[in-house]
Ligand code: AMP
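In structure tokens, one chain follows: the form predicted on its own.
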């Protein structure tokens, strides 16, 4: 069993008493690593309230990106508890599921978030506090934290089933961070904005924890504030930028509304960065190319999930391919398996992605059956299907929602969506398989059109001719105002299946 004997968390060595570098920026305020370290230790001491160790007590917190959020996350860890970050956009029923599933005993929330959850906490007999009610200047003896202890419970997105509580240990978290520190060349001088939801691994690990591990400066935003963030970009405040594809689409659309001078100052701000990353959902090739043309930045696309952190990435140095997620990250084993659980050694054959490594989670909280069912022969089964092409993995989609079995073919919904998005009149689209007696599943496209545009099926079918194989062309289209999405911008395809005629 590995353990740490210093007064900070395992290997977050920049969180020490004599480090004056700015760690966090929140509006006009900044917090040094030294002050953040002291604040975390005070929070941990007060959470302990005389105990020697929280012994993996589950403490949830409901707050957006902020100094208080960071204090809670690291304070719970430092006191020996399990952090349960909650989604600030969740409905009460979703919050109730998370709290009861994880066996949470305390919730910390501020302001409006405290008001929103107070009745639920009373109903569940869970103590509700604010950061100000807990935090004092008192700092005391804190427990040693071994790397094999449980550290965090994050909930799966619930796009295919009811959200499960994913338990990661400190060892898992360290592996997830260090592989990205190496692969993406994180540096002490990096600065990055953080506006992604902080109940999700993308914001927590890829941005916040990697930034603090490296000694970088992280600029905190409660949500994506287009104007303020782009103003900072134009001022060259950042040299690393991470977002989901929908954010890049919104920025591209916004840039088209600006005059030449303002547009140039922003695009130059991105051009001057060392790295732009897209993730959490597939980045359409059209968006990838538009961003390259506007900013000169070759987006780095990667692949990961709540249970494993990041596993595959396009290289920092080397070729980045549009539509591909790259190669296995350092310390992560990746293989593809067919439907009969045979290892696929040949390229160009689709198979399920399976993962091994210290990055892989410990368990689903309180769900032994689901935990055991997610492994085969020691490999974690992601449920995602990919194909390896010239050494790079390309995601075809989730086996349950993005792989369409039609007329004997296995079709990638993501590939079809990528082609449809090149249509000038289509703003967004999602493709699913609908039950069909002849084909087994028929390719069905839900399409959101650009303003004042119309579309009929025969015209789209004619447009598709020559752009995709005949068996991939949608058999029907359904025009909708907007696709249903979760907090990370992923389309919730089960909701689309309920909309089928």
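Numbering follows the first chain given and starts at 1. This is a predicted model, so every value here is computed, not measured.
One more form of this protein, predicted in complex with the named molecule, exists but is not displayed; see below.
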Open item on the list: Quick check on residue 398: any heavy atom within 4.5 Å of the named molecule in the predicted complex?
Closed with: yes
Open item on the list: Taking the named molecule as it sits in the predicted complex, is residue 304 near enough to touch it, meaning that at least one heavy atom pair lies within 4.5 angstroms?
Closed with: yes
Open item on the list: Is it the case that residue 384, even though its partner is missing from this view, gets within 4.5 Å of the named molecule in the predicted complex, heavy atoms only?
Closed with: yes
Open item on the list: Just checking whether residue 280 would be counted as a contact of the named molecule in the predicted complex - the rule being heavy atoms within 4.5 angstroms.
Closed with: yes
Task: One residue of 127, 254, 410, 264 in contact with the named molecule, assessed in the predicted complex (non-hydrogen atom, 4.5 angstroms) - done: 410
Task: Listed residue (191, 169, 335, 156) with a non-hydrogen atom within 4.5 angstroms of the named molecule in the predicted complex - done: 156
Task: Partner-proximal stretch of 132-140, 67-75, 294-302, 335-343 relative to the named molecule in the predicted complex, 4.5 angstroms, heavy atom - done: 294-302
Open item on the list: Just to spell it out: taking the C-alpha atom of residue 440 and the C-alpha atom of residue 386, is that distance smaller or larger in the predicted complex than in the structure shown here, given it changes by 3 Å or more?
Closed with: closer
Open item on the list: Between the shown chain and the other structure, the Cα gap of residue 393 to residue 440 differs by 3 Å or more. Is it closer or farther in the predicted complex?
Closed with: closer
